[in-house]
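Below you will find one chain, with nothing else, as C-alpha cells; this is the form predicted alone, and questions on how it binds or moves follow later.
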Amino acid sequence: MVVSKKRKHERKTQIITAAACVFSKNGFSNTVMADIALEAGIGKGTIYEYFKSKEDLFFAVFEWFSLKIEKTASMDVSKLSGTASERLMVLNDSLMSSWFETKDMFTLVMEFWSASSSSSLRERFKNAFHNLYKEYRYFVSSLLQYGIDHNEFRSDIKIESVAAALVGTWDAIFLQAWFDESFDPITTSKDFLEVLLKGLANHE
C-alpha cells in the first residue's frame, strides 16, 4: 500500500507532537521510544520509519516547538504599521502572549538548553540556537533601524547591542514566569520596554 505524502506528513506530525508531550513530562534522558509510541497510539517500529534515533526525534521536536512559538508571535516588519516604538510594543505583546499558549511545555525549553551542552547533541543544538537568536536579533535590529531612519530613535545607539539585550530580556522574563506563577510577563515586559524606548528616543 502506497502512503501519500499528506498521510506521511500527518503521521510525522503525530509522532512529533506525541514526543513533545512525553519529553516534556519525562525529560529527554528518561524517555524511551516505547513511551512515545504509546502516546501516539502507534507501534514503536513506526517511529523508526520516520526518525533514526531518539536524538533525531528530539531535535525534530525542537524545530517543531521553535516554529510553534514563531508562528504564535511572528510579525512581518513590512506588515506592521505605526512608529518603531509601536511596532516594538506589538512584537513584545505578541511574544509575551505566546507564553500562555506554550507554558505547559516550557520544560522542553529547559531540555533543549540542556541538550546544547550534552556530548551527543551539543553541536546540533548550539548551531540551532545560534541561528534562532540571530534571526530574532536581526528582526529587532530592523525595527530599531526603522526608528533611526525616521528620526524617532537616536542615531548613536548601538543597534546590535540593544537588539541582543532586548532578546535576552525576553528570554529571562519567560524563565522567571516559569519559576514563579505569580510573575506577570506581559506587564513586566511592557514596563521595561517603555523605559527602554524613552532612552532610545531622539529629542533633537
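A quick note: this is a predicted structure, and the numbers were derived from the prediction, not measured. Position 1 is the first residue in the sequence shown; the rest follow in order.
Keep in mind that the form predicted in complex with a further copy of the same chain is missing from the display, and what follows is about it.
None of the heavy atoms of A34 is located within 4.5 Å of a further copy of the same chain in the predicted bound form. Using a 4.5 angstroms limit between non-hydrogen atoms, K52 is distant from a further copy of the same chain in the predicted bound form. At the 4.5 Å threshold, heavy atoms of Y133 reach a further copy of the same chain in the predicted bound form. Not displayed here, a further copy of the same chain is approached by S116 to within 4.5 Å at the level of heavy atoms in the predicted bound form.
Looking at 178 to 198, the residues that come within 4.5 Å of a further copy of the same chain in the predicted bound form, counting any heavy atom, are W178, F179, D180, E181, F183, T187, T188, D191, F192, V195, L196, K198.
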